[in-house]
Each structure stands twice: as structure tokens, then as C-alpha cells.
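What follows is a single chain, given as C-alpha cells, in the form predicted alone.
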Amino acid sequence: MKYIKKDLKEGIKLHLINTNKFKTNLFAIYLAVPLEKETATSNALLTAVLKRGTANLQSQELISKKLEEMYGASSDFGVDKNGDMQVIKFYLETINEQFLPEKENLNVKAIDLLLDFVFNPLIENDCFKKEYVDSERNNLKQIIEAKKDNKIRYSLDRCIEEMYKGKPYGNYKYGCIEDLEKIDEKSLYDQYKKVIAEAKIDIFCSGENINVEENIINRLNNINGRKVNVVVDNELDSKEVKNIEEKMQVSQGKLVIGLKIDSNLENHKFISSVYNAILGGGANSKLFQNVREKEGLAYSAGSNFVRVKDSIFIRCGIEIDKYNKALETIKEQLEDIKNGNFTEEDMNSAKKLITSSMKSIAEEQDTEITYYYGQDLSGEYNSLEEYIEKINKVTRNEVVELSKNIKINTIYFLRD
């Protein structure tokens, strides 16, 4: 596998992942803009409207027919949150050209169609098509309303919202229902033009011998005068622990604890990954073994490290009347690591867990693209091999030293 990235224009990069591991080629375009409450809903709606039609293919029926003609190519669209940025994502997957029954430049057709979705949308009277906007507004409303259906995910989102209240990262990636009714086909098209002018744009091509760079450059000729804004806001105002309790009809309590890492250690993000794996990264972790197995306080217990925000979120599903004991036991695990009460076996298990996860990234084209995109967005670059090497270099003393700079910021509890 060979990875190359090139600057095409101000704020526009081309990423080429040349690999022969797959029978498919995957093309992706990411538009990253600051995650702001005022625009989050519009951007989420924009993603859905853009997939409905292009200037050349004005309906889903025509798009489906085109994809079928391209040997059953598939497309996917979505919106995500990466740190303080809201990311609008477009994907198109095709069969590798070498497997076609006859020679055909399928890669060019694929990238042209994907670029059409993003840069050549269906416009009527200097607006988006009203029918599509109205339809997707209702769909987005249902998505936002369904936020509470998954109580585990909802609790994590709420902890993040409270921990980062007033900060970009505290905003929900799909926005909010109250802003939906303010958006019409004209205002949404105005927001689209703003996004194209200001987004950090990354174009990915993953597969074997994909020669579409010239086509992409030609299509971007008319895009000039861009002013890109990438936001990073990792400061938290709260000095005291926030305790948030929310009541809902639930049979099981959801406890989420937000930890903030404040460290100047070199490679502290790699040390944090190992710390998190020891704390709650798997079945051998301290949370799983002590909170769940030994004490029987939780149905589930684990943690995840949000690298771009230097934050760790502990997640436990517990019986509601065991809240105090569960919280006490979780705090004991944090103190144990701080006091060096973990073994070399714990260190090795943590590193194996991380390296196994890293090795699996290269097994899927979309996860590989996501990895390199995250590296670029954070302003750093490590190949998968370099990442694993840095993980394996983390020492026990570094984990202990780091743990002294990790503090509980927010405790969120969802109960009945």
C-alpha cells in the first residue's frame, strides 16, 4: 500500500491510496466545516438533499439506473463529528477495472459522478428543489427525535454535551429540531455555497491504479478564492466536577463519566491510548474485571479514548440503586492506575488490543480512508506501522505519569 497526499488548491487535498488488496475501488469526498449550533442542522440537511439529485441526474431513479450501469456501483452519504468539525461525507464504490468484462474507464465515471453530487447539484430557480428539501427535512426530524431510542448512545452524547457545553464539540452532529423549520430551499442553497467556499475539502481515491487526478483538477477549475477555517478548541471552563442526573423511563441506569487529559508529555496521545485500554478497553481491563466481574455492579463497563479531544469517556450500564457503589469502584480504578497498581501483563494486553485494532484498519477501504483523514485533520501523520511502533514504545512509568494529569470533568447519570 502506498499513500500520497497532494494540495490541489487552497483547502483542497487529494489523497491517493494505491492498494491491490481489494476487488473494489472506493472514492470519497469529505467537506469539513466548524461544528456550530447555528449551522449544524442546515449542514446535516444539506447532506441528505445533495444525495437526491444532480444537475445531470435529477432523481433517485436516474441515479440508481446510473449506478446499475456502472456494474452495480454503490453510493453512501452521511454527516459526522470529528473533534470541533462537522464532516459531510460522500462515498462511491465501484468494481476494480481489471475485473470488468471489457476495458472501460469506470474510475473516471465514478469520480465524475461523485464530484457531481458535491459540486453540480440539482438547482431550480437559484434554490434546491423544494420537494426534496421538504422530504429530507421530515426524515432528519425523525433521526433527531430517535436520538433517545438508543439509551447508551444518548447518554454518551448527553455527557459530551454537558462536558463541552458552549463549545463546538458539545453540539449534536445532526443539529436540533427547532432549527429545522427555519430552513427552506433558498436558505439551504445559500448555506451550500458557503460550505463549498469555506470547507476543508478532502478527496480520497483508494484502489489499484486509479488515474483520475487530471479529471479532478479540471472539475475544480472554477473553485477559487476559498477561505478555510479549521477549529480546535480543547479548553474546558469548568474547574469543578459537573454532576448531571436525567430521568427517563429506563430499566437500567446509564452512567457516563467524562475524563479530561491535560498533559504535555511527548507522545501523550499514544500513552493515553494505552492508559484507556488498561482502564476500560476490553475484557482484561480494570473496569470490566472489577466493576463488572468482581463486584457485579454493571451489566457493561468500558471506556473509549477520543484522541482529537484528549478525553476519555467511561460507560457503564448499572442497576440504578448501585450508582454510589459503582461510582466509588470506578474511582478506585482511576486511583489504582495513578498509584501504579497494574501489571506488565496489563500493559501487554492493552498494547495487543490496540495493535490488533490498528492492523484491522487496513482490512477495509473505508476504515483506512477514515484513519488517514483523521490524521490529516489533526495536523499529524503516522502510518499504521508508525502508530503501532509508538504504542509499543509506551512505558509503565509514562502511563503512571499521565494518569496524574487525568481528572474527572463530568458525571452523567440517566435513571428512572
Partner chain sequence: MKLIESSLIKEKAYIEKLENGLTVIIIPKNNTNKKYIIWGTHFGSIDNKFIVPDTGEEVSIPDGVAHFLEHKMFEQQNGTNSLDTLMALGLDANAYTTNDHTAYLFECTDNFYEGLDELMDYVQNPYFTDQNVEKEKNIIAQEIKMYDDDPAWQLYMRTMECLYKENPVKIDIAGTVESISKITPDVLYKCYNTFYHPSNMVLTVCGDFNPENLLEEIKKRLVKKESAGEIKRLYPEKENKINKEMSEKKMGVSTPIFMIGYQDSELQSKDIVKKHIAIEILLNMLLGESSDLYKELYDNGILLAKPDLEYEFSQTYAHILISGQSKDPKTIYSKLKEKVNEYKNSGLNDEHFERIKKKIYGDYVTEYNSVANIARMFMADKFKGINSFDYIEEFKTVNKKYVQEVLNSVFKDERMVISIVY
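Since the structure is predicted, the reported quantities are computational estimates derived from the model, not experimental observations. Numbering follows the first chain given and starts at 1. Superpose the two forms; the largest set of C-alphas matching within 1.5 Å is the rigid core.
Absent from the display: the form predicted in complex with its partner chain. The rest refers to it.
Chemist: Which one of D336, E136, D112, D346 is close to its partner chain in the predicted bound form, taking close to mean a heavy atom within 4.5 Å?
Modeler: Filtering the options by heavy-atom distance leaves E136.
Chemist: Between the options S356, S383, N56, S378, which residue brings a heavy atom to within 4.5 Å of its partner chain in the predicted bound form?
Modeler: Exactly one listed residue reaches within 4.5 Å, namely S356.
Chemist: Can you work out whether its partner chain is within 4.5 angstroms of a heavy atom in all three of F22, N284 and Q365 in the predicted bound form?
Modeler: Contact check passed for all of F22, N284 and Q365.
Chemist: Counting any heavy atom within 4.5 Å as contact, can you tell me which stretch out of 325-333, 240-248, 163-171, 144-152 lines its partner chain in the predicted bound form?
Modeler: Heavy atoms within 4.5 Å of its partner chain in the predicted bound form occur in 144-152.
Chemist: With a 4.5 Å heavy atom cut-off, would you call E93 a contact of its partner chain in the predicted bound form?
Modeler: E93: yes, in contact with its partner chain in the predicted bound form.
Chemist: In the predicted bound form, does K390 have a heavy atom within 4.5 Å of its partner chain?
Modeler: Because no heavy atom of K390 falls inside 4.5 Å of its partner chain in the predicted bound form, the answer is no.
Chemist: N234 near its partner chain in the predicted bound form, any heavy atom under 4.5 Å?
Modeler: Result no; N234 lies far from its partner chain in the predicted bound form.
Chemist: For K65, is any heavy atom within 4.5 Å of its partner chain in the predicted bound form, or not?
Modeler: K65: yes, in contact with its partner chain in the predicted bound form.
Chemist: Residue by residue through 32-63, which ones have a non-hydrogen atom no more than 4.5 angstroms from its partner chain in the predicted bound form?
Modeler: Contacting residues: K51, R52, Q60, E61.
Chemist: If you line up the core, does E97 shift 2 angstroms or more at its C-alpha between this form and the one not shown?
Modeler: Yes, its C-alpha moves 2 Å or more.
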